[in-house]
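Here we start with a single chain on its own, the form predicted on its own, put down as structure tokens.
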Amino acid sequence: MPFQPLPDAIRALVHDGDTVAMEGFTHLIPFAAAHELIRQQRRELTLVRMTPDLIFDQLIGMGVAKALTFSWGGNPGVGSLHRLRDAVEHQWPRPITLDEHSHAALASAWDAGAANLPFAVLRGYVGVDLPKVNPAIRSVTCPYTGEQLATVPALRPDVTVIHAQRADRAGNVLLEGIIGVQKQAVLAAKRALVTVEEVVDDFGPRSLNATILPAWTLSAVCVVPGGAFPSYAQGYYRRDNAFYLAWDEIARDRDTFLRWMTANVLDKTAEDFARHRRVA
């Protein structure tokens, strides 16, 4: 499992038409990797994320995605994702199809994918409308009790991309702080790419919820300081709340959005993220 520059890893691991998961909850959101996907002009991707926020608004607005599997979408604490809405409502810059689930269902789907099972079973979707519009939501009868239970297909992406705090010299990766489904998303994927803040000789003292991904689960580790900015990385930099507020206006207008993306993504490199680090 090699350490690689981010552009090389994206070029080798992510192909047009792939299903690509980019997970991270509240912090450790892999913005730098998403921007590299945009710079390399990947197309026809099916994007997967439990909580699509600004990172997917940018990818969708730049024409990267043909489909989205998700369980909630928005600009946290601010409002809508305007580029996502424009794609759904007006097919700009291209049409996009939606595969919407509840949080519980997608978390279960990640567990099933990580366990190499074909589908997940859960008590859910009772008295709600999602099964009427999403044919992937089905049911089975429990062979032991006769109870009707909801099912959803396991998530098995071609590639999972996450951000983490540290890797050691052997390529093992440490995540701390609020942990989402990054572990399951890595284990469920055919290939996995992790960007990290730094490489260390030893992880040192760990918080009680620390998660270590062994090197054998990963396809590439890329050292990208600030790679989660403008989200935060616990112990490294704070969330840029002002940017999340500013994004609401940036993304409302197509031309304003394209100008911002050209100046701040297309004309930048992954290394530029290092200049935006914040002191925790």
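In this text the structure is predicted, and so the values were computed from the model without any measurement. We number the residues from 1 along the sequence you see.
One more form of this protein, predicted in complex with another copy of the chain, exists but is not displayed; see below.
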Does Arg169 reach another copy of the chain in the predicted bound form, with heavy atoms at most 4.5 Å apart?
no
Contact of Pro93 with another copy of the chain in the predicted bound form (heavy atom, 4.5 Å)
no
May I ask you to check whether Glu147 falls inside a 4.5 Å heavy atom distance of another copy of the chain in the predicted bound form?
yes
Is Val200 near another copy of the chain? Define near as a heavy atom within 4.5 Å, in the predicted bound form.
no
Since the partner isn't included here, can you check whether another copy of the chain sits close to all of Leu37, Pro205 and Val224 in the predicted bound form (heavy atom within 4.5 Å for each)?
no
Give, in sequence order, every residue of 135 to 165 that has a heavy atom within 4.5 Å of another copy of the chain in the predicted bound form, or say none if there are no such residues.
Ala136, Ile137, Arg138, Ser139, Val140, Thr141, Cys142, Pro143, Tyr144, Thr145, Glu147, Leu149, Thr151, Val152, Pro153
Answer with closer or farther for the CA-CA spacing of Ala228 and Leu208 in the predicted bound form compared to the shown form; it moves by 3 Å or more.
farther
